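Quick heads-up: it's one chain on its own, the form predicted on its own, in structure tokens.
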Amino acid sequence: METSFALTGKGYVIVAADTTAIRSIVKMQIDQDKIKELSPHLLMAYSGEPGDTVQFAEYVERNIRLYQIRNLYPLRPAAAASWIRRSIAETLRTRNAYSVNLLLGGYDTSSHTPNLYWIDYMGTVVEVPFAAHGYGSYFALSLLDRYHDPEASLEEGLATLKRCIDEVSKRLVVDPGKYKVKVVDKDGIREVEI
């Protein structure tokens, strides 16, 4: 029952993910952070099989950090999305394929633009203005399609995200509960309350 959302606005990307870890019919944890900070201006929300998601997220985090150490500058969001896509695609035809779905949000400090990438377990990557993964996406995507404004202020973006969270809570059979929300912009990454 994992759910994650993301949307872009005027100079920012908002990424939200539920904090519940579920296995079958059992809630295992209610405070899991499913958003990994990859660099000062890049973050990734992940969902999928529990073992794969944590292992792949840490693998991506460490390799992007290694790139920054070797080259003295961080990967831009487009380059990070391409590298992550390739990493998933290379494992597809092996016994070690990762079953992860990702929302990669970042702020490109050289072009001063927010970027959001939708990546699935098959290695598909698409740059999008808004995105969702999980069961909540069935309800949230129509709301995002209707209310998303690429020129919206941060407060308007958070209001749109709140609408999505409320709709999922109201209509999904199992309410995901709490959400962790992070914003990335020219100042870096910070957590916000909804």
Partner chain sequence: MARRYDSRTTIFSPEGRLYQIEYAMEAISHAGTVLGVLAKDGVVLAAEKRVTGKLLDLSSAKEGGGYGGSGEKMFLLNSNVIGGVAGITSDANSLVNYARTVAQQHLLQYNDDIPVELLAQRLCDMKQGYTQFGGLRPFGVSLLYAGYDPHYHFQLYHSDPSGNYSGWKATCIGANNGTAQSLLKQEYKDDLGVEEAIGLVLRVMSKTMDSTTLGSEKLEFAVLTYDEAAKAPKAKIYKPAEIDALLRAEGLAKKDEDTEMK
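Positions refer to the first chain, counted from 1. It should be emphasised that the depicted structure is a prediction, and the values quoted were computed from it without experimental measurement.
Separately, the form predicted together with the partner chain exists; it is not shown, and the next lines address it.
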item	value
Output flag, Arg76, Ser82 and Arg86 jointly within 4.5 Å of the partner chain in the predicted complex, heavy atom basis	yes
Segment that reaches the partner chain in the predicted complex - one of 37-45, 125-133, 156-164, 65-73, heavy atoms within 4.5 Å	65-73
The partner chain contact in the predicted complex: Ser110, any heavy atom under 4.5 Å	yes
